[in-house]
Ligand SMILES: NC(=O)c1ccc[n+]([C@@H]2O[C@H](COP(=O)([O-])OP(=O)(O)OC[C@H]3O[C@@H](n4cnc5c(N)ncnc54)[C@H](OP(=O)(O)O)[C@@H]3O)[C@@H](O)[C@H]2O)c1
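Below sits a lone chain in structure tokens, taken as the form predicted on its own.
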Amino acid sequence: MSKQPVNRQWLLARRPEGAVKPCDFRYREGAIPTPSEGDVLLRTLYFGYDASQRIWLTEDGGYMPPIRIGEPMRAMGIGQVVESHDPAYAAGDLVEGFMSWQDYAIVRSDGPMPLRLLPKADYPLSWNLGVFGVGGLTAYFGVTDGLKVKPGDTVVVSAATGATGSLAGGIAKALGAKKVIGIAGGPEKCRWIVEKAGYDAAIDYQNENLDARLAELCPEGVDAYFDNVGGDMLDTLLLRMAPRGRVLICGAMSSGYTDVKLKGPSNYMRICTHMLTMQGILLFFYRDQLAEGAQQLGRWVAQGKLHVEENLFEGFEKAPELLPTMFSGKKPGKLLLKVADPT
């Protein structure tokens, strides 16, 4: 008699206070869930890590419903269909979308983001969580639609080694930006930005004066700023924007995402005096254009205009210990955890 597979899970044990810690989660082995009408049962293959996961752990939840105590941690992931009660999916299909920290999960196609069928391709399956996933697509629509980067622009990107920031610079260069500058912490990351990610220059905010370096590198001002950090860094950039410059608010890494209430920039009147445009980005608003974005990203990757970097780990047991590294200086690129191989 064959042994029934176990559904390993990492559940939220308590709401984190301050920085998220591995002990905020607890391990459990449960039964494989039974799908109902409209449900798709998946076996998890990969988990992706995003800084926004931290805000889902707050009482408010940010732009998503909060994860409740005792529920599996939510994550973007890649899975293989085991059983489908949705005609759009069949057993064996590979898909990407909202999943959770467990071996088997029930998902639906009518959520805030589509459950995306993944094509057979000659690139690694995990790329569907990185360059062709949330990070890459946010960078794509942020640069092309939000910032409307055009030939001759001077572009600055903060958190430039992250899953989104590491691609935003290459996308800006592909669109003809004259100069693309990345901001990161430490000489190694700054070297990586220039040598691997295709940036023209890097600013080490930990060891250099940000304002002085911006004045040196952008004497005529910054035309487009892709902000992943917020806080004092955003305030400094507002004073260095060119007239009619554009600012895109993508994230607020400086806050640690421990609360949804953040203090706004003190230099916000610069928006008025320099006639700046500031807007946010949330990928949910582009759900009907994701395929178009992924296709263009694929063309740029094939042309060598975008560098793809993955920070890949293996082993279900590592799920909780990797999440805190999003805020404590992980390596460049998309942080991923491989749980299983497709059958």
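When you see a residue number, it is the position in the sequence shown, counting from 1. Everything numeric here is computed off the predicted structure, so don't read it as measured data.
The same protein also exists as the form predicted in complex with the ligand; that form is not shown, yet it is the one meant from here on.
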*Among I106, I271, V81, M253, which has at least one heavy atom within 4.5 Å of the ligand in the predicted complex?*
M253
*Candidate from M278, L41, A51, A294 lying within 4.5 Å of the ligand in the predicted complex - any heavy atom*: A51
*asked:* I'd like to know if L290 sits close to the ligand in the predicted complex, meaning any non-hydrogen atom pair within 4.5 angstroms.
replied: no
*Taking heavy atoms and a 4.5 Å cut-off, does G221 contact the ligand in the predicted complex?*
no
*Can you check whether G329 is within 4.5 Å of the ligand in the predicted complex, heavy atom basis?*
yes
*Is L283 close enough to the ligand in the predicted complex to count, meaning some heavy atom within 4.5 Å?*
yes
_To test your reading of this chain, name the stretch in 98-106, 237-245, 72-80, 154-162 whose heavy atoms come within 4.5 Å of the ligand in the predicted complex._
154-162
*asked:* Check for me whether the ligand, as it appears in the predicted complex, comes within 4.5 angstroms of all of F47, I67 and R116 - heavy atoms only.
replied: no
*Just give me the residues of 168-187, first to last, that have a heavy atom within 4.5 Å of the ligand in the predicted complex.*
A184, G185
